[in-house]
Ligand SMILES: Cc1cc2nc3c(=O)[nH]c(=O)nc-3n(C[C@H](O)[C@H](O)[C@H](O)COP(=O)(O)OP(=O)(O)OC[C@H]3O[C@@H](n4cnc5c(N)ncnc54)[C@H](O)[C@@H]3O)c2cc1C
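Take a look at this single chain, the form predicted on its own, given in structure tokens.
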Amino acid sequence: MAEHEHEHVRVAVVGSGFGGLGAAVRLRREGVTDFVVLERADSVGGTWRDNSYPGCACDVPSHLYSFSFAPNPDWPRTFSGQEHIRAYLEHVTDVFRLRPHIRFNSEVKKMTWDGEKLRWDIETTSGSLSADVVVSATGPLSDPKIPDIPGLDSFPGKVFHSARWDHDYDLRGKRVAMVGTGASAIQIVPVIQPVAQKVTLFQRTPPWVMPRVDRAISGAERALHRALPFTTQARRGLLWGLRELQVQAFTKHPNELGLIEKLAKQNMARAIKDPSLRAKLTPDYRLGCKRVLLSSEYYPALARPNVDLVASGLTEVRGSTLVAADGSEAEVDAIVFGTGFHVTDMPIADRVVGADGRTLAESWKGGMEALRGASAAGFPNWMTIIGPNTGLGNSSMILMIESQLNYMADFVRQLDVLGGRAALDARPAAVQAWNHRVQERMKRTVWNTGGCTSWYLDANGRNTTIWPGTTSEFRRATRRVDLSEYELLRVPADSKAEVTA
């Protein structure tokens, strides 16, 4: 790819999951064709490419977990499996003719702001380029987190993370340890339980689990959606509206969630007859504080005789023996980590060097902050999709992504209106004001008051992940770029640097 070595583009998008592909489609719709999508892997899909573990599926209904501008009338189930979502993203890539813009096997090693030329210099594993604007869509669920367990290096068996599933390793007849009880683990356990000799589940904190009301979407329904596209929109609208109505309970009235907790306990009691196991599986925090999980197979799998629940975290590995915090031990052949991702410490932040020579990671040392979830002070013309405080606890992230794409589109439009070499840098006061509002609203939400420690919270205990409101409020807040919240930068008058147009 030597021909790309000194190339300059209007926009560089990083990542080709929902955020990156959405940004690419939106740029083309805005008439911007001078852009590239930098993807570290050899295919599109992001987290839906990486997570191919058995049982992997979405916990948001299919018709809501897709782009509004690319409806799919042919979803086979109400909740889609990983392979269908990945196929959908491949389809979007082809329908919107994005492949010519995508550079595969091009991991970003470093992005440095050049204040003289008002551009980003980008080093990738396939060469270097520069861009006026960078849209970072690396996503919060992209880099797996494996805890530092003493003795893990000496484990003689197989070890892998759920997001890096080893399909060549056969779990049949094996003694398998599943570490973690989050969204991945509750999907994996019911699939591996029937084939494994034994499954030992290490649970630090029990999750709230609700039944998953999943079913096949009939051929007649799909035919209707194909023939009358407005029925697909209506279905999406209904799913969206129901979730908007639920938001108040999570954000303003967490005590109202007690009734749903009763339903969750009834769901557990139907499958788990052993009172001691039920006690281990019953959370001691408010429903919604951690992500509410959906499964109708998890509890029945735990009731099987070849599944052992250790209500304690894994603290040490001694050869083939795993030792829990409560002192209990288990002999295993394989360890599967379902321990989540680097969410509040985005790995891309170490590779982004801003106007003052500091990395984004250094700038965010006290916690991630971005204006309207997009712009960080000191990092001109750099935007993130699914940035700080844009996550959701009860609805579809695609809704938030599309709102951020509106903001990105207006950002590029404003630069065009300003003309010449220009850059917009978020004012520190604007970033602080936005984040103060967000954190004030966060104080009464279930995520902060529910009595749990979740992956939504950073090392300082601040919730830098979740948006404490409705998707409609966020859409209003990101409809347009307010230029008063930005400082306008122009090429320095004494700069003799030659700028590549």
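Residue numbers run from 1 along the displayed sequence. No experiment lies behind these values; they were computed from the predicted model shown.
From this point on, the text means the form predicted together with the named molecule, which you will not see here.
Each of G20, S106 and I386 places at least one heavy atom within 4.5 Å of the named molecule in the model of the complex. The closest non-hydrogen atom of I188 lies beyond 4.5 Å of the named molecule in the model of the complex. Proximity of N381 to the named molecule in the model of the complex: non-hydrogen atoms within 4.5 Å are absent; the residue sits far from the partner. The named molecule in the model of the complex comes within 4.5 Å of no heavy atom belonging to A376. In the model of the complex, the named molecule stays beyond 4.5 Å of every heavy atom belonging to G469. The stretch in contact with the named molecule in the model of the complex, judged by heavy atoms within 4.5 Å, is 39-47, chosen from 428-436, 39-47, 469-477, 441-449. This chain appears without its partner; in the model of the complex, the one residue of S396, T251, T181, T344 with a heavy atom within 4.5 Å of the named molecule is S396. Taking P207, G139, G288, G338 one by one, only a single residue has any non-hydrogen atom within 4.5 Å of the named molecule in the model of the complex, and it is G139.
If you take 326-360 and check each residue for a heavy atom within 4.5 Å of the named molecule in the model of the complex, you get F341, I348, R351, in sequence order.
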